[in-house]
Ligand SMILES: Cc1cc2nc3c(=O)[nH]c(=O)nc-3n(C[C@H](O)[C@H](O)[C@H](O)COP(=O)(O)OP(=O)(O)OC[C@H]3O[C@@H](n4cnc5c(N)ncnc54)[C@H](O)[C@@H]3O)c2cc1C
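Okay, here we've got a single chain as structure tokens, the form predicted alone, with questions on binding and movement later.
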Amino acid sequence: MSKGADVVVAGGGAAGCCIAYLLSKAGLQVTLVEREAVGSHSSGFAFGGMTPQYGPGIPGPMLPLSLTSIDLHQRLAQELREATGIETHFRRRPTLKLSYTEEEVQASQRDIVWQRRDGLDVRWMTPDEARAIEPRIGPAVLGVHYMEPAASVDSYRYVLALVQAAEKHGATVRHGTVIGLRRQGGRVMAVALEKEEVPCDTAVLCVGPWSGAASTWLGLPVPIEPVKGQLIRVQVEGPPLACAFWWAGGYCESKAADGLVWTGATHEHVGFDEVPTPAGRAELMERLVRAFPWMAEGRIVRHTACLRPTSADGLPVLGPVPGWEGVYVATGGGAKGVLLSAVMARAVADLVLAGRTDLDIAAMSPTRFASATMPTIPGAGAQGH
């Protein structure tokens, strides 16, 4: 039996690390359990873009949470810099969504109507108007959707800073594979690893694409599927892009941390395969060159792939687990996992510390899948992030 903790957080991705930081900062003794290395999967390779105007549950319950999360990220960036000296390169800047067909133009113009109604700073721009911001936009673009608020962060630096700040507040990071939970009288008593148990009063499960394993532990379906996303980093001559860009199925931005243009991502339902492919690289480069023809002269210097945890309905799975006092789930951020990590962590910290949160997370409740058939998910016995 290992030394106990007030809270065991399973999973060293963005959500798990942010939860560990907030709870250790509040004075709890936290143990973060990670099978491999912190940020070694999706959170460490993610693009780190933050566009609250689109995604599952938007318009709808995820919009206010996404906006709140950007504000939380801004505060975290300063806190983490002061605590660790790590620059996470959080920055607010516009995102320009490029349209290439009349159907895309009409869809963006319809979206602008509700986005303005919800108080977002959005507007339609002609290609020439957009080129006043970034002159190198290619000739295939028919129109541009200007969007604020938007932001980005270096995802790996963000996760690394969270862990170091949590450790400064007394958190312990240890390797291990979580294989179950132990309870007594309905309350969690320990988190079971392969060779030992870690006693705790509270357990938070943040194991991303591997969350399907929790279905059998909890007696509650947690239907999370890994969706593979490939990303390339391109070295190209010339000044950095003026802002972030997005188009149907992809995005790009010049990153301050390495000076490279990052562009992604594929959306592949291939199980737990994380191997980058030549086909994925070619697809991403083709899309990038369509947006910016001068990028054809660029050199691909890194090609990665990661698995984004995506739920059956596209929304995160967040909140207390019925029938388990002291157990919470925080997973399923999908392609917006880095953006949502801050607000998901804030919600869990509120619940653990105060028993309630003023954030409206009802749409993300783990109980929404209770009537579903218990899933059998390939690779569910593995845990990592």
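Everything quoted here is computed from the prediction, not taken from an experiment. Heads up: residue numbers just count along the shown sequence, starting at 1.
A second form of this protein, the form predicted in complex with the named molecule, is not displayed here; the remarks below concern that form.
Visitor: Hey, in the predicted bound form, is P226 touching the named molecule, heavy atoms inside 4.5 Å?
Guide: No, no contact at 4.5 Å.
Visitor: Any of the heavy atoms of Y328 lying within 4.5 Å of the named molecule in the predicted bound form?
Guide: No, Y328 stays farther than 4.5 Å from the named molecule in the predicted bound form.
Visitor: Is it the case that G48, even though its partner is missing from this view, gets within 4.5 Å of the named molecule in the predicted bound form, heavy atoms only?
Guide: Close contact exists here: in the predicted bound form, G48 approaches the named molecule to within 4.5 Å, heavy atoms only.
Visitor: With a 4.5 Å heavy atom cut-off, would you call P199 a contact of the named molecule in the predicted bound form?
Guide: Contact check for P199: no, nothing within 4.5 Å of the named molecule in the predicted bound form.
Visitor: Though the named molecule is not shown, can you say which of V348, V30, V33, A342 has a heavy atom within 4.5 Å of it in the predicted bound form?
Guide: Of V348, V30, V33, A342, the residue with a heavy atom within 4.5 Å of the named molecule in the predicted bound form is V33.
Visitor: With the named molecule left out of view, choose which of V321, A335, L65, V352 has a non-hydrogen atom within 4.5 angstroms of it in the predicted bound form.
Guide: Only one listed residue qualifies here, and that residue is A335.
Visitor: Look at the stretches 312-320, 353-361, 22-30, 48-56 and give the one with heavy atoms within 4.5 Å of the named molecule in the predicted bound form.
Guide: Looking at the partner contacts, the answer comes out as 48-56.
Visitor: In sequence order, which positions of 184-212 have a non-hydrogen atom within 4.5 Å of the named molecule in the predicted bound form?
Guide: The stretch touches the partner through C206, V207, G208, P209, W210.
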